[in-house]
Structures are given as structure tokens and as C-alpha cells.
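Let's start with one chain on its own, the form predicted alone, as C-alpha cells.
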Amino acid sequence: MIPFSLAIHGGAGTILPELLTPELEARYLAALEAALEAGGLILKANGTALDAVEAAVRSLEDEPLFNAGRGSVFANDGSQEMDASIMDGHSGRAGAVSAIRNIRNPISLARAVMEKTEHVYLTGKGAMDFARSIDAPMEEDAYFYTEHRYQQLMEVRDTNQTAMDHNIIIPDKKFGTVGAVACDSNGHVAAATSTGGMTNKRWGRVGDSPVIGAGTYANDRTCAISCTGHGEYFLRTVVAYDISCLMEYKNLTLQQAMEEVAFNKLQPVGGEGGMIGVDAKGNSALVFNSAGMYRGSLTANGDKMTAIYRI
């Protein structure tokens, strides 16, 4: 039996103590704790890594604090388009969706793509047609509306600026994607990532979150990775798969591979953000090159951690 492990993230960037009230900080930590609990219950019951990451991400999608699911940011046209992906490291199968609207839990729709179709990635109208065909749970626009997200759009709507942060007082410095990675007691790994994208995004912009190999990747031979950050850079450098390759071909450890990508590949080209990972031995790592990252981890021996700022 492998000691299970679970790691989650809720975004990275310029997250500093002076930017959060004690009350808001406590809410973030409680939300991270709830997500760990959701995934951890499954792993403790000898459930699968795939079920655990879906449950953890669903918990984060249901929390309006995070830019995914219910808390998704607004695009330039006033819509809330969401992206998500999930990958099973045991089978190598994956599912992804992008530019979807009104889906209560995008990560579950991504899993349905993986399990109910022959495809990996559905987008836009086609993804919505598929969602309706399987009666995926949907909500009205009002469910997804949060006043602070709408005010973020109002601040930049009449400009060419896009913003990937929770608080546009510091533009482009807080990335709200959520994700989870897990290793179960059988040594199988899985990864899941979900996001509302960028405030004021246009032209159907899609970042790295739904792209297998960029924002999400899982392989039992190496690791499971979920990323958060400036998506364009993560796409160009194929971050999640690159970490796996460094482990497979250069025999780097999970921690070494993640640090190599975060600090020696992403950072020099301007890529800010972070990633979480687990390997098939139950090791986990949470690495970021920004000031902070909403994050948490749980292990089979009962060690639990939630944090926001750089330690």
C-alpha cells in the first residue's frame, strides 16, 4: 500500500498579508480546509485519486472566493466562461472543456468528456450541447454572479487591459485558477484544474488550465501536476508535461523538476505563478515563484497544511 497524498491550490500571485483582512484570510483558509476534507475523505476510504481530485476541485468551484465555477470572473461581454481539465495517471485518459457557461461544476463535465466520449477536449457550443445531452447540472446566471467580480470587470471593461487577479488594485498579479492532485493507496495519480479565466478577456481566449500537458498532466510513471499562473507562459513552456519529462528522462525528483521549471524556465521569460504535484510514491510538492499561493496538502499520516503567503 502506498501512503496517499493530496495537494490543492486556489491561485497564485502577489498575495500579501496587507492585502487581506484577517476575516478574509480566515475564509480562504477555511475554504482550502474544506477542499482537503472533500478529497481526503475519499483517499482515507481507499478511493481513487481521480475521485479525490474531482471532489476537491468541486469544493473549490462551489466557493465564490476562487476564480472557478461559482466565483468565475467576467469576460468583456459580461459572460462568465469557464474552463477545466482532468487526467487519470493510471489509464492515461483525460477530459477537458473550455468556453462553457452555466455549468455548476466544470470539472465534472471535463470528467464526463473523458468517460462518456471518445474525445479529450470539447469547447464552446459543442461542449454545451454535450452537457445538455448528459443532463449535466446547470445554474442560472444569478448563481455565478458575485458583486466583487462584476466590479473588477467595470474597472477595466473600457480598456484593453485584462486581469488575472482577485483584486484589480494590483493588475495581473493574482491568478485564481484552482486545482488538485492526488496519489491514492494503489499508487495511482490524478490531476484536475478549473478556472474562470481572465477578467475582461475577449475573442474566446483560453489559457493553460484546460490544456493537457500545459496546465494539467498525470502519469503514474512520474507525477500529477496542476498549474496556476499567467496562462500564456504556461502554454508556451508546456509546464505540466515538462515537469513529468524531467522526472522521466533526467531522473529528477518531483521537487527538483518543479523547481527547475518554476525558477529556471518560467521565471526568466516572465512566467509568474505556481504548481502543485504528487508522485506515485506519495510525495507531494507545492512550488511557486510569486509572492504567494493559496494552497494546502494532506498526507496519509495525518499531516495537514494550509497556507497563503510565502513561508
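Numbering starts at 1 and follows the sequence shown. Values in this document were obtained by computation on a predicted structure and should not be read as measured data.
There is also a form predicted together with a further copy of the same chain; it is not shown, and the following applies to it.
For this session: Name the stretch: of 178-186, 124-132, 102-110, 141-149, exactly one has residues whose heavy atoms fall within 4.5 Å of a further copy of the same chain in the predicted bound form.
Result: Heavy atoms within 4.5 Å of a further copy of the same chain in the predicted bound form occur in 124-132.
Problem set entry | All of L16, M258 and F263 with a heavy atom within 4.5 Å of a further copy of the same chain in the predicted bound form | So, no: the whole triplet misses a further copy of the same chain.
For this session: Decide whether H90 counts as a contact residue for a further copy of the same chain in the predicted bound form under a heavy atom distance cut-off of 4.5 Å.
Result: Residue-level check for H90: no, no contact with a further copy of the same chain.
Problem set entry | a further copy of the same chain contact at E232 in the predicted bound form, heavy atom, 4.5 Å | Answer yes; at least one heavy atom of E232 falls within 4.5 Å of a further copy of the same chain in the predicted bound form.
Problem set entry | Exercise: G78 in contact with a further copy of the same chain in the predicted bound form, heavy atom 4.5 Å | No - in the predicted bound form, heavy atoms of G78 and a further copy of the same chain never come within 4.5 Å of each other.
For this session: May I ask you to state whether V120 is within 4.5 Å of a further copy of the same chain in the predicted bound form, using heavy atom distances?
Result: Heavy-atom contact with a further copy of the same chain at 4.5 Å: present for V120.
Problem set entry | Partner contacts in the predicted bound form for 249-265 (non-hydrogen atom within 4.5 angstroms of a further copy of the same chain) | Result: Y249, K250, K265.
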